[in-house]
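Quick heads-up: it's one chain on its own, the form predicted on its own, in structure tokens.
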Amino acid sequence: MPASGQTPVPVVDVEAMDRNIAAMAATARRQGLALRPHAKTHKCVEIARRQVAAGAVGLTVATVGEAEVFVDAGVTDDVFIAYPLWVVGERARRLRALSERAAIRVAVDSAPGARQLAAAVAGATEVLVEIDSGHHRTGVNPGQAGEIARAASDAGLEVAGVFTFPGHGYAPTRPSQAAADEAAALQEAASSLTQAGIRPRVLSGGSTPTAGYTRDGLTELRPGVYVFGDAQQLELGTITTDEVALWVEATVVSARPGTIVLDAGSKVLGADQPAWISGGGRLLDRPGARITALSEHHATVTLGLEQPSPELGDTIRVIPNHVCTAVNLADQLHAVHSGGNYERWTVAARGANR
């Protein structure tokens, strides 16, 4: 375990993480789907290797920089950059070089973006057309997917299919509906590609909240948070505390009746706090407590009815609201194995935002 006094520090329960990895791999197999986990959650070579060893066909990433980290480490030679990149200058050079070492797919959601990508990489990558299945971020209407695919193909790109992110499943009572929306949108988009004369080989979707809902219409899942879990997933009911595989160890630095303050603020836990969630994070061993305020270096906790109350100097295990953000704020993860032995894993893709 981390040395006494060296808090705050992110800790990974390796056994719990390995169970989560195996469970999601089993879910994908049961549904007959390829699993391509999103590595932006952990940004860690050691964890990516475990996912691939468990059956993942490759990785999903958000940036060229993340792709470079995992390809250079020899984790996989099959990566999907699930982001509509605008590829110019140095990024174009890097993407071409990356495509010489690995099979790279890139997102497109516009005809100009597709033409710019084709000019930059000269057909060295495949593309997936991004569609909007209800999250209303990037992506085109499913019925327009064929138009974008045709533009990409005419520009010289190989169009592998379509993808979406059912992000509107990140809300109470919404995962099931989001999964249904996703499947319907992907099928509509696939039909649009077919009508445009392009055969869709890949229908990619999935997120941690929606992954467990069996539905037709997909060939691939791309969940990310499942590897660790977080407070959002707890409140959505996607996981139980037994499946939490990452927490931040923090120390009680101030206390008064009913309230404690921890040395892990937003610069460690992240600041994400959706309107529906009940605080700035959860205490793993005190389910009735709530983080009611986050400063940069302070977490103010209102205690529940659990007894006894923590004392100054006590170590508390905190579950971040959004684990992807918390990991990206850390240089290393303290990976704890059974028996208490631990090693330090570098967050290798930290800061790889380009």
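Sequential numbering from 1, following the sequence displayed. If you're wondering where the values come from, they're calculated on a predicted model, not measured in any experiment.
Not on display, but discussed next: the form predicted in complex with a further copy of the same chain.
Residue contact check for A62: one or more of its heavy atoms lie within 4.5 Å of a further copy of the same chain in the predicted complex.
Within this chain, R29 is remote from the site of a further copy of the same chain in the predicted complex, having no heavy atom within 4.5 Å. In the predicted complex, a further copy of the same chain sits beyond 4.5 Å of every heavy atom of L186.
Contact annotation for P112: at least one heavy atom lies within 4.5 Å of a further copy of the same chain in the predicted complex.
Contact with a further copy of the same chain, judged by heavy atoms within 4.5 Å in the predicted complex, is confined among 282-290, 296-304, 29-37, 46-54 to 296-304. Residue R91 is the only one of R215, R91, H168, R150 with a heavy atom lying within 4.5 Å of a further copy of the same chain in the predicted complex.
Taking a 4.5 Å heavy atom cutoff to a further copy of the same chain in the predicted complex, the contact residue among S99, Q177, S266, T76 is S266.
Contacts with a further copy of the same chain in the predicted complex, taken as any heavy atom within 4.5 Å, map to no residue of 174-189.
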